[in-house]
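Just one chain follows, in the form predicted alone, and it is written as structure tokens.
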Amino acid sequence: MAGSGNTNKPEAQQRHRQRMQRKKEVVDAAIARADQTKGLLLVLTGNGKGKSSSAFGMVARALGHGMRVGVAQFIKGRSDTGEEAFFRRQAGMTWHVLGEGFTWDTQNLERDSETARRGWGVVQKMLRDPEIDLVVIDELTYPLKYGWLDMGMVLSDLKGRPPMQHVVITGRAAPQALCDLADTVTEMRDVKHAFQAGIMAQQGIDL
């Protein structure tokens, strides 16, 4: 293999050990500083694919630890996705589909607003339940962006949740006030997307 011979030289081995030792010291110091425990608020935003998939990965992780999880899906009105089919069968799982489809499908402002407010009532119950360890609020940014939900109310409910309850919020264009409150904010972006080439959503990948 090209270049592999240099890695066997004593000097190269020594440099590698020194680099890894410095890296280990930095990582160990960061771990030592992280001495707090609390319920986290995570926001997954941006135009890229994978926000909800990332959130559902955390759902799997939490269930693997025997934690109780609640999922609330705004906007999306379908109940035939692979993640819902799988997670609904798991112990400790509560799943709510709160939307009636994307707003450009319904085209009814009053109906969309009422659906969002009714859905938030479901979320409020989960945010007040100390027995639920993780709450995923999927596509929440849309009801906030369109003004269907009061931002002050949403932020207040998030702040008032049980101290050790984790919350993951997904959706494009997360409002700054929500990002400011969050402990972790991840912005995803597309480098390339099959849909832009005319390829429809694929089962097991997108659905």
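No experiment lies behind these values; they were computed from the predicted model shown. Heads up: residue numbers just count along the shown sequence, starting at 1.
There is another form of the same protein, the form predicted in complex with a small molecule; it is not shown, and what comes next is about it.
Enquirer: Thinking of the small molecule in the model of the complex, which stretch from 64 to 72, 155 to 163, 45 to 53, 25 to 33 has heavy atoms inside 4.5 Å of it?
Expert: Selected stretch: 45 to 53.
Enquirer: Should D190 be counted as a contact of the small molecule in the model of the complex, where contact means heavy atoms within 4.5 Å?
Expert: Although the small molecule is absent here, D190 would touch it in the model of the complex, with heavy atoms inside 4.5 Å.
Enquirer: Would you check, heavy atoms only and a 4.5 Å threshold, whether Q196 touches the small molecule in the model of the complex?
Expert: Yes.
Enquirer: With a 4.5 Å heavy atom cut-off, would you call K145 a contact of the small molecule in the model of the complex?
Expert: Close contact is absent here: in the model of the complex, K145 is far from the small molecule, nothing within 4.5 Å, heavy atoms only.
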